[in-house]
Ligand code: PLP
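Just the one chain here, laid out as structure tokens, in the form predicted on its own.
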Amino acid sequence: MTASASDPVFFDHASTTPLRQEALQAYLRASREVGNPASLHQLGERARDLLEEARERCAQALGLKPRELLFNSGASEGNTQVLLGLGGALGTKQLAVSRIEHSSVVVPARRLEAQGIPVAWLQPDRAGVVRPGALAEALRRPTGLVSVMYANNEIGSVQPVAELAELAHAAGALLHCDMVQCPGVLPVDLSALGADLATFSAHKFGGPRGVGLLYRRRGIRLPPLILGGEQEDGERAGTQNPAGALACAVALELAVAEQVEVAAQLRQLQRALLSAIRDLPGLLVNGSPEQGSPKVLSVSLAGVHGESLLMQLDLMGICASVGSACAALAMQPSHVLLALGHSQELARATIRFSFGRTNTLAEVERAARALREAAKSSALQP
């Protein structure tokens, strides 16, 4: 069934993506198994086989060893486990975190800081990139863990992870990388990037919600956040989800296989939307789209009421966002945009369009028209 002109247009793929039919079919197939993977009888063994099939397929898609991957509920859990688990064991060493990380990194880092763990907050440049020099300066003090995301979820800036990892390793530190926005959009080669730990969420690449992957390089073990069982090599207790894991694996395989083609499609959509709105009064483009992820276009409109702008777009059937979905309900100005030097007013007057493989140029044209109309009706009175 084709979409009509009145159907809502989804430009919020950085918050979640539609579940792929192939992943749904895999989920339904695996859901027919009734066993618990931790049970020792034959039905438990069948469930366990599905879980390990999923782990092997995810590992192959990412070029990893199966035992380097842990299944969890998503990257927020994984980020929290890494930060609190490793960060809490730093002793006198510091934690280095960029100021534009997802809140599931920033909040645990602030908790550690309140507990007396020194934290070096890495300042990005105006394009939202953490330059190697900023990390090198921080590493003058003994550092145990560095956390820098690959592609920013709000402005799309892409970090020089390989260079940052090299600096971290030379200083004796581990590098953790939030890679949630990458599969299917950017190449994910963990051996080339040099990350020691990385986090993924299945629903960001066409898999189900509530399923995630945590990569930790062989030899690294993490204290569990969830206690009470020996599942996932003793690093995450609780009954495992073979159906969700298998659906995650199917979606990840497809995302990796289609990455080059989809990235080119998203870049075309990103460029088309920016070209169509570039002359809007007060427009400021956040980050550096051509050097960043093709998935995201974030723009701020000076002199516009941000909440009204978003509501007007929604009424016109354009589903965009102000930034991270995890912080949207609080309606607070984005810490990412504040780190770039935006005022609170300008940060609130920001719209993020994030593209997916199901979007079209016709939808981009519709979004551009809607944004022009919404900007006029949401303008602040002088």
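Please read these numbers as outputs of a predicted model, since none were measured by experiment. Residue numbers here begin at 1 and follow the sequence given.
One more form of this protein, predicted together with ligand PLP, exists but is not displayed; see below.
Peer 1: Does at least one non-hydrogen atom of residue 292 fall within 4.5 angstroms of ligand PLP in the model of the complex?
Peer 2: Result no; residue 292 lies far from ligand PLP in the model of the complex.
Peer 1: Residue-level question: is residue 74 within 4.5 Å of ligand PLP in the model of the complex, judged on heavy atoms?
Peer 2: So residue 74 counts as contacting ligand PLP.
Peer 1: Indicate whether residue 180 is a 4.5 Å heavy atom neighbour of ligand PLP in the model of the complex.
Peer 2: Because a heavy atom of residue 180 falls inside 4.5 Å of ligand PLP in the model of the complex, the answer is yes.
Peer 1: With a cut-off of 4.5 Å between heavy atoms, is residue 149 one of the residues that contacts ligand PLP in the model of the complex?
Peer 2: Yes, contact at 4.5 Å.
Peer 1: Check for me: heavy atom within 4.5 Å of ligand PLP in the model of the complex, for each of 270, 321 and 366, yes or no.
Peer 2: No residue of the spot touches ligand PLP in the model of the complex.
Peer 1: For the chain shown here without its partner, which stretch in 115-123, 271-279, 100-108, 136-144 has non-hydrogen atoms within 4.5 angstroms of ligand PLP in the model of the complex?
Peer 2: Comparing against ligand PLP in the model of the complex, the contact stretch is 100-108.
Peer 1: Give, in sequence order, every residue of 195-229 that has a heavy atom within 4.5 Å of ligand PLP in the model of the complex, or say none if there are no such residues.
Peer 2: Contacting residues: 201, 203, 204.
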